[in-house]
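Coming up, as structure tokens: structure 1 and structure 2, two forms of one and the same protein chain.
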Structure 1
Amino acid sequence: MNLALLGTGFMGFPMARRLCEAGHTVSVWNRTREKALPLQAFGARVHETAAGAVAQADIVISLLESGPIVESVLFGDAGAARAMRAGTLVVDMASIKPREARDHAARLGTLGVSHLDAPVSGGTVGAEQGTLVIMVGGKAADFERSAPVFRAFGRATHVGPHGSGQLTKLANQMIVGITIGAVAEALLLCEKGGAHMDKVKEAITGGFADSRILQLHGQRMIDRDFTPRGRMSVQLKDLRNVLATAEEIGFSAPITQRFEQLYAEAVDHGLADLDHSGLFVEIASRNGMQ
């Protein structure tokens, strides 16, 4: 397939590489062009502009940072949407608000361009290994059309109409962000009380408290390894999107509201660029622990 990928950051770079390795013709664009240039070694064509990258694409994959940036690249001065041919399919894999996804789908539709919102979970490890979980909103026919793209990335599930993929991603981020906090607080409580964190993790592995968060993020906490895979600032953005969406539909989310405050305070304390498991650092600091 003739594909374009917009945004070659932490997630976009390995995903573009996987598309090249799967045999697709891949055009890429990134705001900082130098970050995309190494993809040439895998066969990708690096374009100066987003409009140039998408002009001949059958499917355009977006891996941009936020809803406003997606809107700017598609409909602003970058002119990507206007450069697409009628019949092109946009697969937006950014994590944005459901209402933004529905708006983008409607505006693209007036240009004869189809749309799926397809955010992912699995982080950079999943992007590199092709084990991402992909939550897809939009028309079933467009979901089937995108199957070769999704196969290169991991496992995709069609969850409903436009915006449903983003709503599912918000649910995912609620669970991830809250569970990171639970794991951090529990491990720190045990350390404060004199137990060894690594042994605590070992002891509860396999029980009801076990989870991927405990295994992956818990180990990062034990190792004090907060190299960003999913940044604290991005986790905060996602929780704020949850609360904005909850307000729109009249839903009370008190647990998410409290964790939004915790992540916001961690960011205010200079932890924005840590991995989101770095909430551990904020909780440790509150307890006078290193």
Structure 2
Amino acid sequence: MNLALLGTGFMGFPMARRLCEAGHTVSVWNRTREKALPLQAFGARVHETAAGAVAQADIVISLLESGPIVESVLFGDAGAARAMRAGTLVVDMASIKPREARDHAARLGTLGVSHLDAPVSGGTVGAEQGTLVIMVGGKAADFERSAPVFRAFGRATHVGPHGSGQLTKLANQMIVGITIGAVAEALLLCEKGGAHMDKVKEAITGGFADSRILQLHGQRMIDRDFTPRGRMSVQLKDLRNVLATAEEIGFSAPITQRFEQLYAEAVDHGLADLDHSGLFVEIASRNGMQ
């Protein structure tokens, strides 16, 4: 299969490499071309323009960093969309707004080009190891067609029509941000009351309160290690995207609202660049704890 991949950043680079290693013909483009060049060693062809990269592609994988950038690359002056053959499928695997994804799908549709929104969870490690969780919105036939691509990256699930993948990614981020708060407040309550946080985590592991967040982010709280993997500022942006999307579709999200306030206050207090488990620091400092 002829594949193109646009955007060889911290996610796109290892993903392009996995496609090469899976035996696909891969054309790549990146705004800063130098960052893409090392992919030549894996067999990728590095193009000067996005239009050049996509011209022969059956499937175009986008890992550009925001909705407006996707729009400018696809539909701007040197637009890549017009360079695509009819029947091409664009799979946007970056996290952008559900509304933007639906808009891109509609505009590509008028050119005879299909679209899937397929954001991922699992970070750079998941991208390198092929263990990403992929949340896919769009048509079932396009999802089937993309199976060989998704197989190189991780586990994909088709969740609904255009925009549903992005919506599911937002739901994922909501659950992550709220569960971090639950774990932080619970561990701090125990510590304030004289229990040992590490023992509390050990005790409740395996019970109903157990979660990936308890295991990963709970451990970061116990270790007071807030080296950023996902930043507080990004968690806040995600929750604001949830609320903006909720408003667009007429959905009331009282829990997310409360957490948007908490993360915003934490960012106001100078915690923007901590890992999102740093909500622990905000709740601790409200309680005169460290």
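Just so it is clear, the structure is predicted and the values come from calculations on it, not from any experiment. Rigid core here is just the name for the largest C-alpha set that superposes within 1.5 Å across the two forms. Just so we're on the same page, residue numbers count up from 1 along structure 1's sequence.
Engineer: Between the two structures, is it 1 or 2 that corresponds to the form predicted alone?
Structural biologist: Answer is structure 1, the other one does not fit.
Engineer: Take 138, 169, 36, 63 and report the one at the hinge of the rigid-body rearrangement between the two structures.
Structural biologist: Where the rigid parts turn against each other between the two structures, we find 169.
Engineer: Angle of the smaller rigid part's turn relative to the larger between the two structures, in °?
Structural biologist: Spelled out, the smaller domain pivots 16 degrees relative to the larger domain.
Engineer: Mind pulling the C-alpha shift for residue 216 between the two structures, with the rigid core superposed, in Å?
Structural biologist: The shift comes out to 3.9 Å.
Engineer: Please state the CA displacement of residue 285 between the two structures in angstrom, with both forms fitted on the core.
Structural biologist: Displacement of the C-alpha, rigid core superposed: 8.3 Å.
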